[in-house]
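In the block that follows, a single chain appears as structure tokens, in the form predicted on its own.
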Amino acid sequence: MIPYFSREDIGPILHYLGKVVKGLGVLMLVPFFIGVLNKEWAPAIDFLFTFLLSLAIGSVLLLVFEEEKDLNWRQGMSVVALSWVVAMFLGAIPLCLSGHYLSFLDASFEAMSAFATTGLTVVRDLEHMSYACNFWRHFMCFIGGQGIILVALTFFVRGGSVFKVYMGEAREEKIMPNIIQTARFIWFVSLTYLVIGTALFFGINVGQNISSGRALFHAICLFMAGWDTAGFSVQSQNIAYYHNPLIDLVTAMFVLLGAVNFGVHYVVWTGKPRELLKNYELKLYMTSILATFFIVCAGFVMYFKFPDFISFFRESFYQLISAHTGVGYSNIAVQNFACWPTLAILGIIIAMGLGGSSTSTAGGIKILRIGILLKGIKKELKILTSPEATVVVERFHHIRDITVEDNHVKMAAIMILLYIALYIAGGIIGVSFGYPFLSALFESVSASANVGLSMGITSPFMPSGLKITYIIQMWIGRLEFLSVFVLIRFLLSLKSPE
């Protein structure tokens, strides 16, 4: 049930929103300094302006709504959902000022795509974008992958409000007993992999005779968009720009790591590698990858237009991994992808829709929910086929041993149905704008599951109504419905008397 709001909720919500806005403003200093280092004065001024604007907005909110109280659940959820919308608008300002977008709507689309780690893009002339703005596109992916609220949790939010906003950002588990420690652990893992991934990509790029400065820039951006399963690229050709199997291999490795539950990372990092073999979600995830790849392969049985099996595997399996992890990287041209057989495209749609692990940087339904639903079905079948007095207990191992309860199955089923409804609704809207249903469904699932693969619909010239639709889908899909529903209830309650 969506909770009732009163006007007394406004103060705490806007107070904590002010903290988040100030945190985002501080992060804009990173692309500002990149602009200064590269003597890109116009972009640097744009980021400085946005930094000062964010600082001013955040300070005003904190000054006007200065009383700091612990948030309740409805307030925490509202802060999260509202923060993502405000972050989109603030993140879009320097992009819009760059001149690489047709309108502020396009820049907002790009910002939401980045923060939601989707990777659908409407940028123009990407090859000539400044280092500062291009870095900001990827840095937003890195911020959004960990969670915008994690910035506030790490530096600004304290007390009893912590858990409310953490859960509001579609985080289902506490990795460590303390939420602040959990937030910092997630940042620690991400920054550690950032160093490792950047070093690997840098070595590969230098081996391709790319200058050291540009190789480092590409390396950092490749990692941030890959680890956070966002799929943005420095070049418009995406991963196909590099024409390098090593880039394919290393990006695939990091996107798979990014799609793994942070709790699993913690258990393995603390000396329990056997979790990789015991974890129910991981085993189901690997099974799902193989099953959806089988569907893709079946689609090419009568349409095998590859010079050899290696070429086929490199292209088809990479798109499948990209879809299932939600990264949206592609090593083939969009026009080639759009010519795939229908069954292969359906395999990719299913993979995108299922998504990655819970409490990871991946989007979609999440494999754990599918697993819980399967366990629930298995439990019901056992009950039906057992004597009346039999007590049926179904368990699985996910970081710890978990007993399947009816409420677990109920919530998993509700979330699965909500995602399917969101996928279909976006597909129908795409059809209403004149696109074929398969392509419209593909794009809808890609937006809702925060993937970023495209069959060519997403472009600067697609209808504004469809851009708004995909922005909403990316937002809802990333936050997994509940906090968005609570925010809508809050906004509606402001119009009605208490």
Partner chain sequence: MKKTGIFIVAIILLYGIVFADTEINSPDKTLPVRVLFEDGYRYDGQKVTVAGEVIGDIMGNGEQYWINIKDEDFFIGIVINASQKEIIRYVGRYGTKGDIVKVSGIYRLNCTAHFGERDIHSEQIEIIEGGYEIPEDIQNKKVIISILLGVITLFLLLNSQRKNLRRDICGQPK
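Residue numbers count along the first chain shown, from 1. What you see is a predicted model; the values in this text were computed from it and never measured.
Below: the form predicted in complex with its partner chain, not depicted.
Participant: Counting non-hydrogen atoms within 4.5 angstroms of its partner chain in the model of the complex, say which of K410, R395, K382, H243 makes the cut.
Facilitator: Contact with its partner chain in the model of the complex is made by H243 alone.
Participant: Which one, S386, S236, T403, N72, lies within 4.5 Å of its partner chain in the model of the complex by heavy atoms?
Facilitator: Looking at the other structure, the residue within range turns out to be S236.
Participant: Thinking of its partner chain in the model of the complex, which stretch from 368 to 376, 136 to 144, 120 to 128, 103 to 111 has heavy atoms inside 4.5 Å of it?
Facilitator: Of the options given, it is 120 to 128.
Participant: Contact with its partner chain in the model of the complex for T390, defined as at least one heavy atom pair within 4.5 Å: yes or no?
Facilitator: It does not: once its partner chain is placed as it appears in the model of the complex, T390 has no heavy atom within 4.5 Å of it.
Participant: Taking heavy atoms and a 4.5 Å cut-off, does A344 contact its partner chain in the model of the complex?
Facilitator: Close contact is absent here: in the model of the complex, A344 is far from its partner chain, nothing within 4.5 Å, heavy atoms only.
Participant: With the partner left out here, check for me: in the model of the complex, does some heavy atom of E275 sit within 4.5 Å of its partner chain?
Facilitator: Flag for E275 set to no.
Participant: May I ask you to check whether E443 falls inside a 4.5 Å heavy atom distance of its partner chain in the model of the complex?
Facilitator: Outside the cut-off, so no.
Participant: Relative to its partner chain in the model of the complex, which residues of 29 to 49 have a heavy atom no more than 4.5 Å away?
Facilitator: Sequence-ordered list: K39, E40, W41, A42, P43, I45, D46, F49.
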